[in-house]
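Just one chain is shown here, as structure tokens, and it is the form predicted alone.
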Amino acid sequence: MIEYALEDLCAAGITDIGIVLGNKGRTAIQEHFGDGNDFGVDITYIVQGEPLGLAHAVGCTRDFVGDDPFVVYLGDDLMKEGITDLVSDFDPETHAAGIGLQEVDEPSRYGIVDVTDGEVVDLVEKPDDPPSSFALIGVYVFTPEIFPQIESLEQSWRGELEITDAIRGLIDDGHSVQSHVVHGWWKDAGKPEDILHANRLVLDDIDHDVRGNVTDEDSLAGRVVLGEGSVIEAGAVIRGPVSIGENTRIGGDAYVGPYTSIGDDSMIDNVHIEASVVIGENKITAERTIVDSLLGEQAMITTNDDRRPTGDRIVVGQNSTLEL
């Protein structure tokens, strides 16, 4: 997810990037991205610690940002069209902030922005009587004027410092806040079902690109991405759109159905799997049908037909959900 954000930032000409870290997953993120050189950026890590709200996270970046305007891109958001237009349209000489908006069908479910002639007049969280149909999405452009507003905030009923309150403070103090309507899809992928939906959106845009070894070309139908070092054995059935990473083996008794993404270094066989996300380093060999599922890194699903007593043997991680 974060890699998509880095790609969008780079495309907009932003390569000096700060990644705000909480207490969870900190080491894994730093190990993955390093100093950013492999991704064409220069990364600084900023430790927020306890998650006290988006405004608190932004406030933690003050030393990193200095006196420059800057972009805030939430790590669990995906945008089809990127942020290049949003960034290029923003003028820090005339506006203290710019916010991305998208028109939605059910505005009462979102934070909604009241806009007049392109200027933000007010922000309302999940209003009963929405002033518009434009929802606030997870991309912002700020000048350092935002920091005094954050310092003056009090915690909301959620116990957090809300970025919408800070933006409203800018408006109340007479600053201009620019709106920018984002076209193409936008997805907040903060929940498991959202990740599956985001996966479908991304796979809808892939091009056929086979770099690994396909034993029988008749195994493939539709658009398939196959990474280097991966093998699809004869007898396997792959129905795109499907993305398969590097050094992964798809056995001859596997069916990989549409809208499935499989990460690197995995082994898939004897299973029917579709509309799912398999992160990587996975072994899936159970004679089962798996649909609409998320499998974390190094998760294994194997058959236990020969073990007694008969029954499912499960190790379930924190915050997991199983439907058996």
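Numbering starts at 1 and follows the sequence shown. Superpose the two forms; the largest set of C-alphas matching within 1.5 Å is the rigid core. Keep in mind that what you see is a predicted model, and the values were worked out from it rather than measured.
Same protein, other form: the form predicted in complex with a small molecule, not shown, and the subject of what follows.
Practice task
Would you check, heavy atoms only and a 4.5 Å threshold, whether residue 247 touches the small molecule in the model of the complex?
Solution key: Output for residue 247 is no: heavy atoms all beyond 4.5 Å of the small molecule.
Exercise for the section: Spell out, yes or no, whether the shortest heavy atom distance between residue 254 and the small molecule in the model of the complex is within 4.5 Å. Expected result: Outside the cut-off, so no.
Practice task
Spell out, yes or no, whether the shortest heavy atom distance between residue 216 and the small molecule in the model of the complex is within 4.5 Å.
Solution key: Result no; residue 216 lies far from the small molecule in the model of the complex.
Practice task
Give a yes/no on whether residue 106 approaches the small molecule to within 4.5 Å in the model of the complex, heavy atoms considered.
Solution key: No.
Problem - Per-stretch contact check against the small molecule in the model of the complex, the hit in 232-240, 195-203, 123-131, 172-180 (non-hydrogen atom, 4.5 angstroms) - result: Correct option: 123-131.
Handout entry: The single option of 136, 83, 72, 96 touching the small molecule in the model of the complex, heavy atom within 4.5 Å
Key = It is 136 that has a heavy atom within 4.5 Å of the partner.
Handout entry: Core superposition between the shown form and the other one, C-alpha change of residue 183 at least 2 Å
Key = Where the cores coincide, residue 183 shows only a C-alpha shift between the shown form and the other one that is less than 2 Å.
Practice task
Inspect the rigid-core superposition and answer whether the C-alpha of residue 193 shifts by 2 angstroms or more between the shown form and the other one.
Solution key: False for residue 193: its C-alpha shift is below 2 Å.
Handout entry: Core-superposed C-alpha of residue 108 shifting 2 Å or more between the shown form and the other one
Key = After core superposition, the C-alpha of residue 108 moves 2 Å or more between the shown form and the other one.
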